[in-house]
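Shown below, as structure tokens, is a lone chain in the form predicted on its own; questions about how it binds or moves come after it.
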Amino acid sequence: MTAQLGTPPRALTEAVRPERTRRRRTENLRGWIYCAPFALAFILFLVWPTIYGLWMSFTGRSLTGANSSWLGVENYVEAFADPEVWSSLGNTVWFTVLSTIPLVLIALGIAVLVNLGIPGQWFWRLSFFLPFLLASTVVSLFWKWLFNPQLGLINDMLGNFGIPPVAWLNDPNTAMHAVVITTVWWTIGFNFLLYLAALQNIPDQLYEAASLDGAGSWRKFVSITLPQLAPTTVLVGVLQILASLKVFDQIYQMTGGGPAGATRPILQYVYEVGFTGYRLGYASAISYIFFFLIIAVSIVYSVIAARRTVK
């Protein structure tokens, strides 16, 4: 008797069902209307250029629009045999190695120091993050003056220790290191904030329990802090590798890819081939080779990091 009273009449159920269907359709339509501007921009400025660039990589298209004949994989064969592609790709990988390691380790170090509770927290956070807000042109001009062989502050400081002036941006042996120093100073604030937020989310109970067991500061750091920061380290590592592989603006503004091509990244070579050499088809082929390389590196690093995190 109770079950019969709790069951709605069939006629009422059939009357409510079309109303629910109509309401669901209305909500779906509103959702599509809200997403439409983003979807349109996504298709116009990301999906379509990606498809169009892939098509151009198989043609001989030039910047003037002429010679759009189909070449097949001829551009890719030429790119794999081009020594300039490999030298600029080597510079990009070398920059990534030199910049990623300090941008992870130094960011972790200063985040741990700030998290210790030293006075003036807001000052340290602002000091480390403020350079990240500057435009690349400002940073490049600022450090070009610092690295100036005759008037730069860095050579002046080295002179106080008896070290002769160094032509930082004009010497192939030091130019890449100068760009790396600039990049570390400029972008370390972002990684610093990620690590600082992760440190502040570690439960205090873990450190209190370790203290009761007699663990010292170093043991707490190795056994609690570093494992708790592992997911953040994976995130920082992936983001930093991707950002370093895409380096262009600070190198172009500080050295122009020189001296003698010692700092020219692959993106600058793509720019020169496409907009100086007028070969958009060939430049697209190099871009897609680099694109697939970035995807491969990201997947390999993510898999390795995920396995270490699980262990």
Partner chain sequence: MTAQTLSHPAATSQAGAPSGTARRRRGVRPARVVAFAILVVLALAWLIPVLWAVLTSFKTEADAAAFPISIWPTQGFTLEAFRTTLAEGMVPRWAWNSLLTSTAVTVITVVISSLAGYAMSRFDFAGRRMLLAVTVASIMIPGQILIVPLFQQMLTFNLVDTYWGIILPQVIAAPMVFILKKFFDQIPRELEEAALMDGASRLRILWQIVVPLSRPILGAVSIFVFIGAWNNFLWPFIVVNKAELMTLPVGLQTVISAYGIQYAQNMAQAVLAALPLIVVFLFFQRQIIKGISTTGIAGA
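Since the structure is predicted, the reported quantities are computational estimates derived from the model, not experimental observations. Positions refer to the first chain, counted from 1. We call the rigid core whatever largest set of C-alpha positions still superposes within 1.5 Å between the two forms.
The protein also exists as the form predicted in complex with its partner chain; that form is not presented, and the subsequent description refers to it.
Engineer: Look at the candidate spot formed by 143, 185 and 295 and say whether its partner chain comes within 4.5 Å of a heavy atom in all three of them in the model of the complex.
Structural biologist: All of them do, each having a heavy atom within 4.5 Å of the partner.
Engineer: So, residue 164 and its partner chain: in the model of the complex, are they within 4.5 Å at any heavy atom pair?
Structural biologist: Taking the distances in the model of the complex, the answer for residue 164 is no, it never comes within 4.5 Å of its partner chain.
Engineer: Hey, in the model of the complex, is residue 228 touching its partner chain, heavy atoms inside 4.5 Å?
Structural biologist: No, residue 228 stays farther than 4.5 Å from its partner chain in the model of the complex.
Engineer: Please check if residue 132 has a heavy atom lying within 4.5 Å of any heavy atom of its partner chain in the model of the complex.
Structural biologist: Looking in the model of the complex, residue contacts with its partner chain include residue 132, since a heavy atom lies within 4.5 Å.
Engineer: Residue-level question: is residue 252 within 4.5 Å of its partner chain in the model of the complex, judged on heavy atoms?
Structural biologist: Close contact exists here: in the model of the complex, residue 252 approaches its partner chain to within 4.5 Å, heavy atoms only.
Engineer: Of 146 to 154, 171 to 179, 73 to 81, 86 to 94, which is the one stretch near its partner chain in the model of the complex, taking non-hydrogen atoms within 4.5 angstroms as near?
Structural biologist: Result for this chain: 146 to 154.
Engineer: If the cut-off is 4.5 angstroms on heavy atoms, which of these, 105, 209, 158, 126, is the one near its partner chain in the model of the complex?
Structural biologist: By the 4.5 Å heavy-atom cutoff, the listed residue in contact is 126.
Engineer: Hey, which residues along 33 to 48 are within 4.5 angstroms of its partner chain in the model of the complex, non-hydrogen atoms only?
Structural biologist: Counting only heavy atoms within 4.5 Å of its partner chain in the model of the complex, the contacting residues of 33 to 48 are 34, 35, 37, 38, 41, 42, 44, 45, 46, 48.
Engineer: Once the core is aligned, please say if the CA of residue 288 is shifted by at least 2 angstroms between the shown form and the other one.
Structural biologist: Comparing the forms between the shown form and the other one, which are aligned on their rigid core, residue 288 does not shift its C-alpha by 2 Å or more.
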